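As a starting point, one isolated chain is supplied in structure tokens, in the form predicted on its own.
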């Protein structure tokens, strides 16, 4: 069982002092959820869990423990985040030890909640089924019908460059239509795309949950907080909202692994990944680059090559 093997390996790493800290997933009081856990002692590993609700990208916490030797539980997208962060010299003291688990794809709790009537009191994963119970209902759902959209199109589910791999590797799916939502958006006219973008960001309340959840957003001072110079006002005007989301998306170009942490964190259900995945798609098409695949290759926007295409100059 994956969960038991994970606990055994974590205990071994802590007991041997290979790492000072394990960052993993633990049970939560709410159904369909897990919570990050930070374990420093071997006896604490019994709190580790692994299931289809381990959605968080735990690598965002690595910035807070740069002085420690950290072992972190990673899925495919999470592991690629670590590779991307390594290229940006974010681990000057100790490179994190990656405890990789091939991902079975994560369940979207919001989809499950929409499929039942009433408050969910218990949700249990049983193979490819979800047993969901409430006060007035007890239903069985197919797990594959309730996956996150980013998980449905993930092509690198086995963590690359993991130091420890728990479980059998998952066969990659290179023929998956990478971003069907992006393709649908591309089929619209420029005016329709802009209307879609404005409608989505109009719900933004500037809570910055997307920024806090993203492992690639680690600046000590974000451009939205800067006062010298002041790039953006602290308002909810359409122009300020558009500026924030467009600039943030461009900051992620060639750096985003498509984990969906930003979109999951958004309390207003803004479809943030449409923009970031569109930009990632452009980078792959122009430069053949995917984030976190090659540990020695910098993102195209972080480098300069005189041979790069410059059609936009015409």
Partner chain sequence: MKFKLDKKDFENFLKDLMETYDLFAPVQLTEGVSVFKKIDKPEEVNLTQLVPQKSAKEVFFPQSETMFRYEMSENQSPIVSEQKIGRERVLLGARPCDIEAIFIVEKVFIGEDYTDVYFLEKRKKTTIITLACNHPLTTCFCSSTGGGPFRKDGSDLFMIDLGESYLVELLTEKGLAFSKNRFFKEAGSKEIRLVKELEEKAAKKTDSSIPVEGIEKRLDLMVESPFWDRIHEKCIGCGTCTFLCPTCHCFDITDEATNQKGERVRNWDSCLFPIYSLETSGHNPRPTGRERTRQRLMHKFNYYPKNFGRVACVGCGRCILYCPVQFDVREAILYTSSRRTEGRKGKFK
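Residue numbers count along the first chain shown, from 1. It should be emphasised that the depicted structure is a prediction, and the values quoted were computed from it without experimental measurement.
Not on display, but discussed next: the form predicted together with its partner chain.
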property	result
Which of 230-238, 144-152, 162-170, 97-105 lines the interface with its partner chain in the predicted complex (heavy atom within 4.5 Å)	230-238
Of 273, 280, 56, 52, the one that lies within 4.5 Å of its partner chain in the predicted complex (heavy atoms)	56
The single option of 208, 223, 243, 91 touching its partner chain in the predicted complex, heavy atom within 4.5 Å	208
Its partner chain in the predicted complex reached by all of 29, 40 and 265, non-hydrogen atom within 4.5 Å	yes
Non-hydrogen atom contact residue 35 with its partner chain in the predicted complex at 4.5 angstroms	yes
is_contact(residue 61, its partner chain) in the predicted complex, heavy atom dist at most 4.5 Å	yes
Residue contact check: residue 195 to its partner chain in the predicted complex, 4.5 Å heavy atom	no
Contact test in the predicted complex: residue 186 vs its partner chain, heavy atoms, 4.5 Å	no
Contact set, 92-118 vs its partner chain in the predicted complex - heavy atom within 4.5 angstroms	114
